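Have a look below at one chain only, the form predicted on its own, in structure tokens format.
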């Protein structure tokens, strides 16, 4: 029963810590820019406020508009069952690997793009087009980068990659890991709508990507979409930290070990979030036609990572 309880713990951690991680990044950015900034709990307050509001739905909307928030939220939450957050391996590792995780995240993006088109809003259609362009370039990079990390472990299962890296770090960790980390980091910025690809704090419709698709959402629907976006950011950072630096992930299911694993996860996420906050205060948003060039660099890094994993043994 303990492994199944751990799966529930991973879902609970994703639900509870994801808004706080976003609040931490916003607070750090505000302090770096000389502002006081909103408190760490502000994202939780925003979600509670949205859940209590009435939803307003366009007369042009079909069932896709109503279903999209639930599909986006559910697919992201299911992905949290397959990503090793605090322990590895876990029961659901047998039914999903990196391919399943990639397509679960892509399923949410696909339905969100459909919802942007569904209301016949010009800004929604523009955001959906941009989102699909980025997804077409980003998803192969994610798969290649994790394949590069999994080649040394001999598996595409995320839990197995973490467990074998912890057991045999000398034979699984190599030069390709650094390039895979860089590739995943760039893709994370694009997929999660962070600078320099997108500005999560923008209010200019012509520069929006993710936010343009959800302009028509309000109330509980908007809360689900925002919460799913926060969980996606949390899961990407967890992937970056636990695949490249898996130390701290529990392989022995004991209370003390699990407590240390949760503390290690929070610490690694805080370090990555601090790096992102510093990066976003130093970079300006790229022009849209320059984004494929940046993602092309990430794809090349992922390709070099998987090549290095086979050539350097």
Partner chain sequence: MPPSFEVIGFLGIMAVSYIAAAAAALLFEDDRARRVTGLLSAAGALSGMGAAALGLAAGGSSVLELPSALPEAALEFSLDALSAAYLLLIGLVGVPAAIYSLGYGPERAVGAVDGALGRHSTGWRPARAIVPLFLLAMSLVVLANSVFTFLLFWEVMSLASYFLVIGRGDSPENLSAGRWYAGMAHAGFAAIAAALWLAAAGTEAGRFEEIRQAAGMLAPAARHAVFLLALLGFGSKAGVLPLHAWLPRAHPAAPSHVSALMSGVMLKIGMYGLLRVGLDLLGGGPPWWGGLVLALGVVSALGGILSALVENDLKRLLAYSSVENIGIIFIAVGIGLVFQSYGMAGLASMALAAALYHAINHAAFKGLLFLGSGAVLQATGTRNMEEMGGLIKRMPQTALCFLVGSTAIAALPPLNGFASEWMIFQSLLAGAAIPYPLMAAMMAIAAGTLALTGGLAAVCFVKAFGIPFLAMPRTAAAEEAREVPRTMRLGMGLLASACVLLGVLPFAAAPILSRAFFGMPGLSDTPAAFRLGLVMEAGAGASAISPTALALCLLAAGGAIPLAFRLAGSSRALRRAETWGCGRAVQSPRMEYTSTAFAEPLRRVFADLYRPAKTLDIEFHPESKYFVRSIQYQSRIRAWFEDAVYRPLFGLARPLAGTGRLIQSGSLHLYIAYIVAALLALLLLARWM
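Numbering follows the first chain given and starts at 1. The structure displayed is predicted, hence computed values, not measured ones.
Beyond the structure shown, there is the form predicted in complex with the partner chain, which is absent from this document and is the topic of what follows.
Proximity of residue 165 to the partner chain in the model of the complex, heavy atoms at 4.5 Å: Heavy-atom contact with the partner chain at 4.5 Å: absent for residue 165.
query: in the model of the complex, does residue 178 have a heavy atom within 4.5 Å of the partner chain?
result: Residue 178 lies outside the contact set for the partner chain.
task: Would you please decide whether residue 20 lies within 4.5 angstroms of the partner chain in the model of the complex, comparing each non-hydrogen atom pair?
output: No, residue 20 stays farther than 4.5 Å from the partner chain in the model of the complex.
- prompt: Within a 4.5 Å heavy atom cut-off, is residue 133 in contact with the partner chain in the model of the complex?
  reply: Yes - in the model of the complex, heavy atoms of residue 133 and the partner chain come within 4.5 Å of each other.
- prompt: Even though the chain is shown alone, can you say which residues of 38-64 have a heavy atom within 4.5 Å of the partner chain in the model of the complex?
  reply: Those in contact are 51, 52, 53, 54, 55, 56, 57, 58, 59, 60, 61, 62, 63, 64.
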